[in-house]
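For reference, the chain that follows is the form predicted on its own, supplied as structure tokens.
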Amino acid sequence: MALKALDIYKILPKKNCKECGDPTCLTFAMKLAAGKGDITLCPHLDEQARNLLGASTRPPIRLVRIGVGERALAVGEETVLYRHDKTFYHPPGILFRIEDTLPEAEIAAIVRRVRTDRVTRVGMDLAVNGIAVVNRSGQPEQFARAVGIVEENADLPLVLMTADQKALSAALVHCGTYRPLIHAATKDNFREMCAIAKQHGCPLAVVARGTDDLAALAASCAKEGVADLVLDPSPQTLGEYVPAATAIRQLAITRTAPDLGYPVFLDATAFSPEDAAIVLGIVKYASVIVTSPLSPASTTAALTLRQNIYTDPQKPIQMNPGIYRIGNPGKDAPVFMTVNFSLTYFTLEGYLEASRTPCFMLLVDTEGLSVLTAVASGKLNETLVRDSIKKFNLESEVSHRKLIIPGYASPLSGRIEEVTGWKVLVGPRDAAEVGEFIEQVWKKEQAAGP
């Protein structure tokens, strides 16, 4: 089990020397307990204490990097079984599977799609991560050709899926310096696979059924000198995958079986329906998911689910507070005040764009809380609105002094008018009604004059 901060503090030298970069040993102990510190920064620990704390405070699941550069994929380094306990940190990589028997044009088209396609959701660009190349032909030259085509068309993380060591060596000529994930080592070939992985500095997937066999094989590969491993429990059914992946995660994070402290691999193409396998992989601990090239709709669904699961539930996604423009608003354009919770912003933005009315959005800083929550907690108040108007110099953007507030903020309308001097119009509670509000309320208000 991981040590608590006070347990770690008892082992530290208690010199408060600040050489680790923290003001006190207790502060350093708290960072170590949270998995955010580096035990090697303390210069006064003896070797025994360093080994003890190092094993206890490093993340229970190793961080493994696949690929290099901007599109490199980092997986692992998770610390909890349930995301509401803390959060999940590294979203699983989703990689499209191609077989080396496909025509060159088809391989290139799939690669270009992974390279360029994006799904934009709540201000984030979501994308498939890479390519898994399968040696379906059984021919080293053909496998190497397919990998070469991938490398010619994009710089993407790769998984090389073959048991043929000659094919693997031929493919690594094209991508050996780019850290592809080699899939896979078994109890029969792990020494040879480890030698290849060490030669090229690549992470290595290990395949075995059952947590005991998987742990033993991972330990053997680690002894061979391969530190970056990924575990493939090789389930025969999705019903087998869920308990296997859960057991691996649980045994790893409790440090009951440290040899299982690596990311998990799932080949979703082995199951039907494949979409169900992708969903289970995302929600149940897979770190590398190989799929067939998905339709645009299925790709959007998978990326959206991944984003939802790997968004910190204790930290709302926020927009930067400030003035945002919809279209090209003039001095007489309406001003909609709202909060900086990203989902609120993008929802309102969509409906304002649909209304085809140029306008301003004033986002006030409620620390990412929704309108109703911010009003109830007192985060959204008249003082915040007044200070935001001044801070972002809203007076210089419009010739009028009229502010449209969300319907759920209506209890604040009088107080906002009192402290700002602006006339407050209470907008609808549902953003879908803003178009109707502009036609029936705002335009009449403007026609009536100041």
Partner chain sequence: MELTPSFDWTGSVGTVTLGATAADGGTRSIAYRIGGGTTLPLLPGGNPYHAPLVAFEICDDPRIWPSIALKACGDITQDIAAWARTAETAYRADIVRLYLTSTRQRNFSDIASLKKTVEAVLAATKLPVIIEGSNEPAIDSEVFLACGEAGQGERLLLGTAEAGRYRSIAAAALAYNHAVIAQSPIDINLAKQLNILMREIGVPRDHIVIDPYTGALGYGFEYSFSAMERIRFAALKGDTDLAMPMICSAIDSLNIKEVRDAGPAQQDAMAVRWETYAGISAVAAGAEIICVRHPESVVLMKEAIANLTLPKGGA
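Basically, rigid core = biggest C-alpha set you can superpose within 1.5 Å across the two forms. Positions refer to the first chain, counted from 1. Predicted model, so just to flag it, every value in this text is computed and none were measured.
Below, we refer to the form predicted together with the partner chain, which is not included among the displayed structures.
- For the candidate set Lys331, Lys223, Arg325, His84, a heavy atom within 4.5 Å of the partner chain in the model of the complex is found for exactly one residue, namely His84.
- Here is the short version: of Pro316, Pro233, Gly76, Pro140, the single residue with a heavy atom within 4.5 Å of the partner chain in the model of the complex is Pro316.
- Taking non-hydrogen atoms only, Pro358 never approaches the partner chain to within 4.5 angstroms in the model of the complex.
- Glu152 falls outside the set of residues with a heavy atom inside 4.5 Å of the partner chain in the model of the complex.
- By the criterion of a heavy atom within 4.5 Å, Asn189 is excluded from the residues contacting the partner chain in the model of the complex.
- A residue is said to contact a partner when one of its heavy atoms sits within 4.5 Å of a partner heavy atom; Arg145 fails this definition for the partner chain in the model of the complex, lying far away.
- Just one listed stretch, out of 160-168, 280-288, 132-140, 98-106, contacts the partner chain in the model of the complex at the 4.5 Å heavy atom level, and that stretch is 280-288.
- Across the proposed site, Tyr178, Pro293 and Leu352 without exception lack any heavy atom within 4.5 Å of the partner chain in the model of the complex.
- Contacts between stretch 297-320 and the partner chain, counted in the model of the complex as any heavy atom lying within 4.5 Å, involve Ala297, Ser298, Thr300, Ala301, Ala302, Thr304, Leu305, Asn308, Ile309, Thr311, Pro316, listed in sequence order.
- Relative to the superposed core, Ser370 shifts its CA atom by 2 Å or more between the shown form and the other one.
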